[in-house]
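We begin with a single chain expressed as structure tokens, specifically the form predicted alone.
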């Protein structure tokens, strides 16, 4: 009897296997993503947004690489993605230059490349399919306009203005364009001067060390133009340790970029004068571009994100609580 039941079971299994095909595994879109690193709150939020949008639940197999702020790591990662025959490559570039050869390899392999956040400078724009990110020059100009208006309101429009400029990673699009906005302002205002430029590299620790050393020089400043929030955090910590107030009228004004929740809290508390938004939540935008490509559509070459700027008068607890990053 047992032998008969076993034979019947085997027959059922064979018929099931040879009959109509069963459900097949869902096809996942394979995406290789090379991220700059994890140097700032903004970058961490950007990575989280990408991981959430390009998840397996959303139909993607994501190959993620953290370049730890080294371009050679990104070049290696892209070549590995090509060898693994991914469907798409997403690149958040460390600097603008140095991408022609590796992107030509991706193009030769028929792999579309989407650039996110910072821009790239290549000899042939067809080496990448689309870019999505912020208008960094507009961000810088927004900060400069706010500063001009504040100085006029305080009756200081014609007074000498001493600016400490804390810069991000040299060669990165945000650094280049936020710096350009300040350079334009200096040309328009002969009474403005740069006291020093510090290479903060978008990190809190580096900015803290540089600010602490700068204060030892005894030079006085009126404004800190800091190209991201984490560098602002480091500078403020050094100022507070030295007993120097910032943020209020008559004190050092701190102009900061990114507008992460922690920066908005400091702005509400009066320690940062202006937070210029740089939205890191690019995951859904990249997913939308990939969906267009999957459907055979041609996405826009450039997609800019809408952004705001916040000063103390604009901030409420609700605005800060509802912040996603």
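Numbering follows the first chain given and starts at 1. Treat the numbers as computed from the prediction; the structure is a model and nothing was measured.
Below, we turn to the form predicted together with ligand GYE, even though it does not appear here.
Engineer: Residues in which of 112-120, 209-217, 179-187, 144-152 have heavy atoms within 4.5 Å of ligand GYE in the predicted complex?
Structural biologist: Residues of 112-120 come within 4.5 Å of the partner.
Engineer: Exactly one of 278, 53, 289, 274 has a non-hydrogen atom within 4.5 Å of ligand GYE in the predicted complex; which residue is it?
Structural biologist: For this set of options, the contacting one is 278.
Engineer: Since exactly one of 236, 255, 90, 174 fits, which has a heavy atom within 4.5 Å of ligand GYE in the predicted complex?
Structural biologist: Residue within 4.5 Å of the partner: 174.
Engineer: Taking any heavy atom pair closer than or equal to 4.5 Å as contact, tell me whether residue 232 reaches ligand GYE in the predicted complex.
Structural biologist: Looking in the predicted complex, residue contacts with ligand GYE do not include residue 232, since no heavy atom lies within 4.5 Å.
Engineer: Report whether the minimum heavy atom distance between residue 42 and ligand GYE in the predicted complex is within 4.5 Å.
Structural biologist: Yes, residue 42 sits close enough to ligand GYE in the predicted complex that at least one of its heavy atoms falls within 4.5 Å.
Engineer: Answer with yes or no whether residue 202 is in contact with ligand GYE in the predicted complex, where contact means some heavy atom within 4.5 Å.
Structural biologist: Flag for residue 202 set to yes.
Engineer: Using a 4.5 Å heavy atom cut-off, state whether residue 81 contacts ligand GYE in the predicted complex.
Structural biologist: Residue 81: no contact with ligand GYE in the predicted complex.
Engineer: Just to make sure I understand: among 215-243, which residues lie within 4.5 Å of ligand GYE in the predicted complex, judging by heavy atoms?
Structural biologist: Result: 227, 228.
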